[in-house]
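A lone chain, given as structure tokens: the form predicted on its own.
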């Protein structure tokens, strides 16, 4: 087990270093979530007090910071899956397969790198939000819970990217598939509360697990430290992880069988 951990850490460091060496891989994950949050804050900040059903917050940024964190983790999943597919295209994956590296490490190294990057990214977003007026009602426990949930969310999101990479072996295919999953975020309560929605949009948001995930994260900011809400988010993350990481493990087994 200690050998597998050392191998995971060594390859995870490679993945992290590779991410920072290519600006086009990390810049979108930082720039676009912050840009969208700036646009939403400028558009809605003065009007939320007059919207029936909108929770009482000091500003829209308090409400939307969790959606920004979520969006950043999703983009990070694109990067993780694309890099994994790139390793397959360049033959590095095949060299790893023929090396003494443990088979489980082929998956865990990218997942570990994704967790570390998501934690740093979420911390940066929250600190920027605090600098612009976000008040975290949950204090330090709420802050740590929000960052921890974002880090854990990187596991199922990264698992999805790896699954697509293993099934397609194509960087373009991974990048092309992820916009479909961004739609799930926008058909949720990531940027507006479900109480303000109506009709079919409210129905979709109610059944969308991302709504319950982001609401548990948001509760730490606008309500105070809420372990129960965090537990709901954690349950959604665990459910996603079973599907995506389990699927990527099966896809890895099939690809190894074909090598």
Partner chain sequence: MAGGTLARTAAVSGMLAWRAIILVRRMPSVFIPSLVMPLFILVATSGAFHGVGALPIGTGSYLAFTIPFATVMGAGFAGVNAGTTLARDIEGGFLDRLVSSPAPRLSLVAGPFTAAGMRSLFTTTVVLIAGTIGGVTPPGLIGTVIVYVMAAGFGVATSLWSMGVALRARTVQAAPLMQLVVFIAIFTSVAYAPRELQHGWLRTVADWNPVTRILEASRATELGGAGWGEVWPGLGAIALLLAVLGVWALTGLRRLGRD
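Residue numbers count along the first chain shown, from 1. Please read these numbers as outputs of a predicted model, since none were measured by experiment.
The same protein has a further form, the form predicted together with the partner chain, not shown here; the description that follows concerns it.
A.B. asks: Within 4.5 Å, heavy atoms only, which of 139, 91, 100, 179 is in contact with the partner chain in the model of the complex?
C.D. replies: Answer to the contact question: 179.
A.B. asks: Applying a 4.5 Å heavy atom distance criterion, does residue 44 contact the partner chain in the model of the complex?
C.D. replies: Yes, residue 44 is a contact residue.
A.B. asks: Is residue 192 part of the interface with the partner chain in the model of the complex - any heavy atom within 4.5 Å?
C.D. replies: Contact with the partner chain, yes.
A.B. asks: Using a 4.5 angstroms cut-off on non-hydrogen atoms, would residue 26 count as touching the partner chain in the model of the complex?
C.D. replies: Residue-level check for residue 26: no, no contact with the partner chain.
A.B. asks: Give a yes/no on whether residue 196 approaches the partner chain to within 4.5 Å in the model of the complex, heavy atoms considered.
C.D. replies: Contact with the partner chain, yes.
A.B. asks: Can you tell me which bits of 30 to 57 touch the partner chain in the model of the complex, meaning any heavy atom within 4.5 Å?
C.D. replies: 31, 32, 35, 36, 38, 39, 40, 41, 42, 43, 44, 45, 46, 47, 50, 51, 52, in sequence order.
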